[in-house]
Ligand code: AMP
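Take a look at this single chain in structure tokens; it is the form predicted on its own.
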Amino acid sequence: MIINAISDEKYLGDVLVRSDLNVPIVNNEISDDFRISKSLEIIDKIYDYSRSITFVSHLGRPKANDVDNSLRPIAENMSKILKNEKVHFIKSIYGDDVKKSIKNLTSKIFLLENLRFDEGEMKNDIEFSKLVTSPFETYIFDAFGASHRQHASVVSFGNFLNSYQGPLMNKEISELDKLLNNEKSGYSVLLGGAKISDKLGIIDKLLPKVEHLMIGGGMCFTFLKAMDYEIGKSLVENSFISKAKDLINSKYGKKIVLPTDFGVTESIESNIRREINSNNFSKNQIGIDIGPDTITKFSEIISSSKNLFWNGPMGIFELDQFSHGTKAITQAIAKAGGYTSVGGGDSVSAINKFSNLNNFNHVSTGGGASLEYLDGKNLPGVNIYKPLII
């Protein structure tokens, strides 16, 4: 049971909110603002209890003052979403510009520049933390997508202010716990996306816990090559083939469900698709999607699962001709009768393209963080501050 952490004194003063505003930007346009919209929900909860609200986040992996990774477009998007409230962008992370803007209340809501423009963020530098937090009275950590990082804004900012775990963080943890605490009914996992390297360790940890672990997207080809299938020019990470083979041959290897047919092309630029089964790859073909038999097999598992976690698309869904598998799977999960939880990132983009966010029980703002949480890891930013309940 969560007790009201603010007690009788609810005034928060000048508030610094660490959100996850790390969104995809293509040609200076934000292509998916789901994380921004979710991050802004905190405003309704704390608006009347705060003098000012200042958001801070990272974006990408920039070098110092990299204009392509500035948060200025994020501030403009935030203002559009809020409509009646302008978000004032401050082109600094700390210093006089920040202090003067907050003191003079040039706005009620602010956004600071990209945290990663200063190396102190990723190095978890204490002096950096003091500088950033000095104009504020309250700190709210509400960035689940960054909670698996040992960075200054995750673990150190809260040491210098009255600090809370935000409502979005509370919601993320509560929803993922619904999967972890369903040992009797179990759960299935569907993983996609391009690379196996960032998910292989998690697959190893999840296998004993799940009923089925379906693998699609580009990452499945490393497993298929480990099983001596011809995969043509499909994406493969050769350094992980041995580990993939170990997983397939392990005690829990039978839980792994791989595609049996594919959409393929000889050139992604050509937009020409052919359907083949896994035994018929030619050396010039590239796997770009799962095929109809695999769609049927995955959909049957999805419909029979009482609990399901999904992270990652089944192919290059941004191109219509290569999107059949991701579209079908997205819609199958949307219709599923069990509890459905979705890890963020490209999965959210797929939902926005082929379905509706309201058709899923929980859509996470953090793909990598949600996988690590399900893995059972103690994430640096989870439950280190008292929960904010107003």
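Keep in mind that what you see is a predicted model, and the values were worked out from it rather than measured. Heads up: residue numbers just count along the shown sequence, starting at 1.
Form predicted in complex with adenosine monophosphate: not shown, discussed below.
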**Asked** Out of the stretches listed (38-46, 317-325, 357-365, 331-339), which one is close to adenosine monophosphate in the model of the complex, meaning heavy atoms within 4.5 Å?
**Response** 317-325
**Asked** Hey, in the model of the complex, does Lys171 get a heavy atom within 4.5 angstroms of adenosine monophosphate?
**Response** no
**Asked** Would Lys195 count as touching adenosine monophosphate in the model of the complex under a 4.5 Å heavy atom rule?
**Response** yes
**Request:** Determine whether any heavy atom of Phe221 comes within 4.5 Å of a heavy atom of adenosine monophosphate in the model of the complex, and answer yes or no.
**Result:** yes
**Partner proximity in the model of the complex: Gly158 to adenosine monophosphate, non-hydrogen atom cutoff 4.5 Å** = no
**Message:** Val15, Ala75 and Glu113 - do all three of these have some heavy atom no more than 4.5 Å from adenosine monophosphate in the model of the complex?
**Reply:** no
**Prompt:** Quick one: of Gly291, Gly145, Gly120, Gly312, which gets a non-hydrogen atom within 4.5 angstroms of adenosine monophosphate in the model of the complex?
**Reply:** Gly312
**Request:** Find the only residue in Ala226, Leu213, Leu235, Ile102 having a heavy atom within 4.5 Å of adenosine monophosphate in the model of the complex.
**Result:** Leu235
